[in-house]
Ligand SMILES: Nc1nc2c(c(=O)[nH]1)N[C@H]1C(S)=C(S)[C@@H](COP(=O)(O)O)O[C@H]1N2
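Here's a solo chain for you in structure tokens, the form predicted on its own.
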């Protein structure tokens, strides 16, 4: 008699679940591949179409004025890296959460990657400088993100199946796929950056060689223009390109080649003109020493610098175009879509020195300062006069239909530079040894120039300071004085008087809407 043996029950399969750390990694890698692909394609097709940077530009463009001012005041020139870093953290967390939500099904992750891709697509499509070709990069980014997520998710589920079947197969497939995705993202991002910058740097080197010997130089800087050797720590008269202040809204510095540059001058003119870089080079090029000042500079701030700029006279160009009666605004647009409106009468003022600059301190403009061409109008704050990467100039009128970037945010229409001074030494809250104390700094009042600087200690009488050699009304002027002070804490104030006899006001004002004012002060201790 045989005994029947009941068949062994088959093991009940567990549900296919990806471990959460691996799921989070899949989300991060897929989004990284998307951003890398967008950067790479943007570098090849249209530098302004990187979806990641387009989203950042959109945040800047629609941020309320108080938020913008808080960022500038708190972070200074680091505001852009902080914004990009903050975006990266947010995207990283969203991507990881999307991966974790997709441990059983890829649908949540695909949906999130798609939404991020559509956001980048929209940011590019609604950018001020949009062109149809710009859509290629965000489309490539979207496809790369979705395909990468689906692929990595499938590999992870296959590994889960193999573990369930007891085959003992490792996660090698998933790790290989993940590594490939990481490599793709890194290669794409790096390749995009190289493609963006290589052509512009080669073009800059060519322009620097072209400028040699083709420029009417500025008058030589005379001796005694600063006190840097006499009072260590004070400002040198000329600012190096590396130290020149930079304020703009560009998250990505436009990488333009001189050969590709065009400037269209149109609007209320008798003859529309389109200039190429070669057209500028064929014009008389002149070098001018100019101090530029940012309207956001607080009292005693450092958003001011001086350089020798080379360029073509803008007044002559506009006169050739024929500015029509009634035009009171030169509305300029940058390659990245930023706009500025400059009073026409100032640009056309004889002797003002408005220029389309192509060189700075003996070389072509650095990319961060506007290469290949920027606008400079001495005597006006930069937000109305110093368009970098300029590509369009419309002669028009001030009005609601032509309000520039900062006018839309509550800043003034006309922005003449105020008479101001700054104390460089001693530094605030520093301790200096007993004996004579050297106090020094700078003063500016472009284009009028500085005629007098006065200093007072602890609220006492004003006494004149020694002025450095004057270069011209368009530049700052250094000053210094020596004080005999008793031991203890002291407060020193300074005020400047311009060449017209107007003295810097004591009345405090914030930078908004037309520049800060007030007497700067420093507090230090004589030990």
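Numbering follows the first chain given and starts at 1. None of the values given here were measured: they were computed from a predicted structure.
Omitted from view is the form predicted together with the named molecule, to which the following refers.
Three-residue candidate spot 247, 294 and 389; every residue lies within 4.5 angstroms of the named molecule in the predicted complex by at least one non-hydrogen atom. Residue contact check for residue 383: one or more of its heavy atoms lie within 4.5 Å of the named molecule in the predicted complex. Residue contact check for residue 153: none of its heavy atoms lie within 4.5 Å of the named molecule in the predicted complex. Contact check for residue 369: a heavy atom falls within 4.5 Å of the named molecule in the predicted complex. The named molecule is not drawn, but in the predicted complex it has no heavy atom within 4.5 Å of residue 454. Listed residues 363, 336, 438, 79 were compared with the named molecule in the predicted complex; 336 is the one with a heavy atom within 4.5 Å. For the residues 409, 374, 418, 204, the 4.5 Å heavy atom test against the named molecule in the predicted complex is passed only by 374. The stretch from 90-98, 270-278, 336-344, 224-232 that comes within 4.5 Å of the named molecule in the predicted complex, counting heavy atoms only, is 336-344.
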